[in-house]
Structure formats: C-alpha cells, structure tokens
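Below sits a lone chain in structure tokens, taken as the form predicted on its own.
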C-alpha cells in the first residue's frame, strides 16, 4: 500500500492513521498539481492511496474511514451501533465539509477573486479568518470534556483534526487560544510517533 502526500497537508493525517493502525505501507512525496502526479490523481490533490486493487483512493475523510474499517483491531473507528456511527459520520462531515474548506481562501486567495491585486488577495485572506475562527470555535466546543474528537477514544478523526488545527498558526488566533482544542493538541504534540511522522513528512 502506498500513500501519496505533500508536507503539511491533510495527507499527513492519513499517514498518522495508517501508523496507528499498524498498517504495512510506504509513502511517496509528490508535487501538488504537477503533471506527473495528475497521472495518479487527476485533481492533483492529496491524499491518494494505492491499495493495489487498481483503483486509487482519494479524499481524506473517505480514506480515513477506510483505514478505520480495514483495521478494526486498531479500534480507530466508531462504536458499533447506529447512533454512534452517525455521530462519527457527522464529525467526519464537519471536519471535511466545514473545518477543512474554511482554510482554502487563506491558502489560495487567488481562487476566490478575479483580482490579481495583492491588496485584494490579502483581503480575501483576512476575510477567511472569521470563518476559520467560527469552525475552530465549534471544534473547541465539541472537545469540551473530551480527550478526543469522537467520544472518549482515539480515532482516525483525531489525526485529521490535529493536522488541520496546526494550520491555525497562520491565522491571528492560534490553536493555543482555544482551551479545549489546546488540550487536545498538546496531547498529540506529546505523541512521539506523531511528531516523528511530522518530521519525516518535511524531510
């Protein structure tokens, strides 16, 4: 199994999840949007996971759920009843559909305006900060009284939320300013395996 990734991206969350699951896999660093990488994923985005079945798997949320299901012995997914599965899917949808996209205008402001003026691009970035704070505050509320994103257990969603929340350092309000999120982040900051992956991903 091979994971295609780029440093600092949500693909690193998949790397962490695969490690937690005890999976046998390798990683390959790619250049986002490059012609070479588009041969693997036509959208040029990461993550992409080659499981050897001839079909490349994409989309972080879907891949993370796949990892949780493929390695049930690692217990990285939802509890086995319909209500708990819904909660897991609801949190997944929040992270992939609300939290993750809130950062896009900050990283790619040129995609959200027809202007090429640097001042206008900066305004797009500044406008994104309000949306980012809104979803980060929601995540902080979800973590109230919890050590993990989903109930009181480690799941693949912890890796996803952690990597995205690291991006808050690029905004006026870092993750350290959200009390519950701060506790969650400190836990993963102290996870030696997680930090080794972070280091390897940028080498």
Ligand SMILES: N[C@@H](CCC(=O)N[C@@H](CS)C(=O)NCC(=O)O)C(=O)O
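Values in this document were obtained by computation on a predicted structure and should not be read as measured data. Positions refer to the first chain, counted from 1.
Although not depicted, the form predicted in complex with this ligand is the subject of the following passage.
Asker: Heavy atoms within 4.5 Å of this ligand in the predicted complex: which of the stretches 66-74, 169-177, 53-61, 142-150 has them?
Answerer: It is the stretch 53-61.
Asker: State yes or no: in the predicted complex, is some non-hydrogen atom of residue 32 no more than 4.5 angstroms from a non-hydrogen atom of this ligand?
Answerer: Because a heavy atom of residue 32 falls inside 4.5 Å of this ligand in the predicted complex, the answer is yes.
Asker: Can you work out whether residue 10 and this ligand are in contact in the predicted complex, taking contact to mean some heavy atom pair no more than 4.5 Å apart?
Answerer: Judged by the heavy-atom cut-off of 4.5 Å, residue 10 is in contact with this ligand in the predicted complex.
Asker: Give a yes or no for residue 45: in the predicted complex, does one of its heavy atoms lie within 4.5 Å of a heavy atom belonging to this ligand?
Answerer: Yes.
Asker: Does any part of residue 129 reach within 4.5 Å of this ligand in the predicted complex? Heavy atoms only, please.
Answerer: Although this ligand is absent here, residue 129 would stay clear of it in the predicted complex, with no heavy atoms inside 4.5 Å.
Asker: Among 88, 94 and 138, does every residue place a heavy atom within 4.5 Å of this ligand in the predicted complex?
Answerer: No, none of 88, 94 and 138 comes within 4.5 Å of this ligand in the predicted complex.
Asker: Mind listing which residues of 82-118 have a heavy atom within 4.5 Å of this ligand in the predicted complex?
Answerer: Result: 100, 104, 111.
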